[in-house]
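A lone chain, given as structure tokens: the form predicted on its own.
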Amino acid sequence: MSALLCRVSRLRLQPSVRLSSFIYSLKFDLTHVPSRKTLLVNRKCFSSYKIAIVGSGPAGCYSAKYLKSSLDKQQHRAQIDVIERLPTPFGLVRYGVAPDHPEVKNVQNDFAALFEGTDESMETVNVRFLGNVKVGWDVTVTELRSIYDVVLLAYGCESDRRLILPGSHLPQILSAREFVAWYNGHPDFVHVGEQVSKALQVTAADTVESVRNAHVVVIGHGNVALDCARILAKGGQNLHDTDIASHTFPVIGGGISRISVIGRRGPIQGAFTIKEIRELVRLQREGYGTSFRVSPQELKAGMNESSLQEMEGLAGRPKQRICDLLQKAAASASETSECEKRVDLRFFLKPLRFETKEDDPSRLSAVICEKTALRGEPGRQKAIGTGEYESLYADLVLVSIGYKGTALRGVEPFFDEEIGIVRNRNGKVDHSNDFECGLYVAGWLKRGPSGIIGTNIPDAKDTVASIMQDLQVTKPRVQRAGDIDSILAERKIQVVVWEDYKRLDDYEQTHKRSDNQPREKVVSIKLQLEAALKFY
């Protein structure tokens, strides 16, 4: 027996290796001695890394998914903690995807599988959800780096690119990010409803079915801008069977009578995709009582020589399809009747200032725009002012010119404030080797706010490849400055683990306003915690 134990000890197996089954076998079969090759494989299998991912949106979940897969393939034992500041997971899948795009939200089923069936007693890679933990406040990035072998930042963009113009301080001017978060039931943006209601001058006489006689201007030509226009046109009542927050119904009612979506350049330069354009074109046909209008003259102005070259080849084919659809919509506009509601997609308008009402300087009156023309080489065209101006009446303005990342406490040394990303190379944060722990980044915080949910797949794989390359030469940390569970317990943080979230999920699914609705979102963090932690 002693000879056998000496043989094991010379391999210097890590303390985390579970030898109980081996010792048990020795009691019954002293002739069986595991080969050196077998023990070396086991040693690799039980190497134990601790990895923290800050953020549970698409970037964080895809990173967890591919980290788990890569670590499993290399037979490592690891714990991956996905840390989220809200009690709910999935980030923009829950709070950013439009409620009438349920097929896009289905990706959360894939993400949920990461957290299901976690068993920390198993010698494998476990993924845990730790919700209601605010990194930077409840625990710092520096503390995380002293606890974990790897810290991956994937908390996305929590601010906006600002449009600084005269009058931009008015309360009737909001970012599209705030508006989207509001109608999707984000707890931090419930207050936005009061601003929207006041801007649209909703009264007690307005019902949830009535169309609001108001004009909204959406500035920007991306998919988020078109999402806002479509939701405003449909109105809350027409989205009754979606997961749109119920607090939208008394505000936007049966929809807004006039919506203008404007941008500085032409249709070829727009960041929207054909799916979102098609949905606007079909609003009238699908029974939403909304006309779609686009100017033939503005489309023609967008077809200069440089723009035509931008549509050439395979890369330009999606743009060609969009232009074909818009030209068809413009040609058929005279053949369709005018509806109670209308969406105008406008081009070559550059906002200059926001004007107020003469009798009330606290209220928005109009957006003053300068007409523009395109100048420059293909792919580098700029919108140049022409000296002609147009005034667009507006009760409410939604600015949708891009999201922007912000730095958590402890991330400032690695953060590029100008473009709002963490400086990195293939996801490895630049100049972050002052700690034993590696610091990495994924998603919008890595590349900027671009792409769709699926864009996070190659992005996450790129970062995971950098992590796995570094782990080839990095052993799990022997000494750690405590563990996350003890730290959060000591600070009395009400952590929402996966089983807690499932209770909240069940609560939302059993309190629906209709059988067809996927869920009725709880829009208060206090109530979310009560449902998750069973305080009700």
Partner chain sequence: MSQSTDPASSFLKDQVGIDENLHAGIFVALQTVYGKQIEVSHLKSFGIEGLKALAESVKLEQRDRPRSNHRPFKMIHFRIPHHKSAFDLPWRLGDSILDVAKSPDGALLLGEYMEGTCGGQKSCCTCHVYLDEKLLSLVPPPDKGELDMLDLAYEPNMESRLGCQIRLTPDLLQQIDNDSPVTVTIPADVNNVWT
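Positions refer to the first chain, counted from 1. As the structure is a prediction and not an experimental result, all values here were calculated from the model.
Separately, the form predicted in complex with the partner chain exists; it is not shown, and the next lines address it.
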Quick check on this chain: which one of Gly405, Gly270, Gly236, Pro89 has a heavy atom within 4.5 Å of the partner chain in the predicted bound form? Gly270
What is the one choice in His240, Arg278, Arg162, Arg353 with a heavy atom within 4.5 Å of the partner chain in the predicted bound form? Arg278
Is Ile453 one of the residues lying within 4.5 Å of the partner chain in the predicted bound form, judged by heavy atom distances? yes
Leu308, heavy atom within 4.5 angstroms of the partner chain in the predicted bound form: no
May I ask you to state whether Glu358 is within 4.5 Å of the partner chain in the predicted bound form, using heavy atom distances? no
Is it the case that Gln494, even though its partner is missing from this view, gets within 4.5 Å of the partner chain in the predicted bound form, heavy atoms only? no
At 4.5 Å between heavy atoms, only one of the stretches 187-195, 341-349, 102-110, 364-372 reaches the partner chain in the predicted bound form; which one is it? 102-110
Arg212, Lys526 and Lys534 - do all three of these have some heavy atom no more than 4.5 Å from the partner chain in the predicted bound form? no
